[in-house]
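This document opens with one chain alone, in structure tokens, the form predicted alone.
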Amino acid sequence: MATRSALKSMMREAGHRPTALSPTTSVIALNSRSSQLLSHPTAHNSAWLAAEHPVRWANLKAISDRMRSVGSVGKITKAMKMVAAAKLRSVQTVQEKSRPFAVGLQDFFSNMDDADAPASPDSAADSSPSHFVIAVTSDRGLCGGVNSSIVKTVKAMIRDNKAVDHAIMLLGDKGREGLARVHGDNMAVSFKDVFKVAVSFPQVCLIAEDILSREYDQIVLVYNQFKSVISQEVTEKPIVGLKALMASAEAFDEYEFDSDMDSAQVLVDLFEFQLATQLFNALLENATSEQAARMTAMDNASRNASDMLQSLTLSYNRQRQAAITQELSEITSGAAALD
């Protein structure tokens, strides 16, 4: 009995916990380890204990840290979803009010284009047509495929119309890398932080003035048109250039005006207003699509974080219960071996 008491005290000093063995093998293991303890007067050394007894709770600690990080990410995505929903309601209200003006002007000028006389073949053969592409993207990410779809559409437009000279104006910062990497030579100008503040008509007029200072046969707006919260459609809206429109200004003479200006000047002013209106509507449509896509993406991310947290919690509880059961079995086996 005195030998067993001494053995127990030495095991407590060394921090030893017996493994889950049968009573016979436990006695053999205890006898061998007792000789090791007697031959190692510094058996309490932490390095020797770590080699003999690996930490069993390391995996649980890693799972606990992962659960904490996933929970934090879930809180962030949930907050971003609420912010995007609030911004969506405000920008959608302005977008719905601007759409009738853009549709009405587009119908008016499309009817004029149908009445235009065809261009002479000599003028068409002098030079290749030139298109000015205005790609509207966002300044921030985490909004699904809103920006990548615009980049793909512009690339396909240039690839399918190689006989046309294309120049690109980029509104927003997220499409810069995708377009500059392949079509850097076609980049004419880009505007950054367009959506940093709410889109306003004076802001759009400054961009329209830069567009009007360039001469192109056709202007093409590429943007995301808002359909619903879960649906956004990439839209290509062509606008006939002012030079081509002035070639058929005679069709505008049948209208009467209560001013001393001639029809050509009225047509120029109306074209400038139409360009600013279409650009204003395109920016609002894209801003609404961006917030809707971000709200949907953050909602999906929050759900994925919740599902992952549930899976990690289940795994943590299982491993914790298994570790507790293993230690209880080891204690009972060691106590039975010493009796």
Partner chain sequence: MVQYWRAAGMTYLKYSTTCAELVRQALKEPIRSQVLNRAGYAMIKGEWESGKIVQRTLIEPTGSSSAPAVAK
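Positions refer to the first chain, counted from 1. Model, not experiment: these values are computed from the prediction.
Not pictured, yet referred to below: the form predicted in complex with the partner chain.
- Interface membership of residue 184, defined by any non-hydrogen atom within 4.5 Å of the partner chain in the model of the complex, is confirmed.
- Using a 4.5 Å cutoff between non-hydrogen atoms, residue 100 does not count as a contact of the partner chain in the model of the complex.
- Proximity of residue 152 to the partner chain in the model of the complex falls outside the 4.5 Å heavy atom cutoff.
- Contact check for residue 214: a heavy atom falls within 4.5 Å of the partner chain in the model of the complex.
- Residue in contact with the partner chain in the model of the complex (any heavy atom within 4.5 Å), chosen from 86, 164, 205, 76: 205.
- 265 is the sole member of 235, 231, 265, 218 with a non-hydrogen atom within 4.5 Å of the partner chain in the model of the complex.
- Of the stretches 218-226, 195-203, 76-84, 102-110, only 195-203 has residues with a heavy atom within 4.5 Å of the partner chain in the model of the complex.
- In the model of the complex, every residue of the candidate spot (180, 189 and 261) has a heavy atom lying within 4.5 Å of the partner chain.
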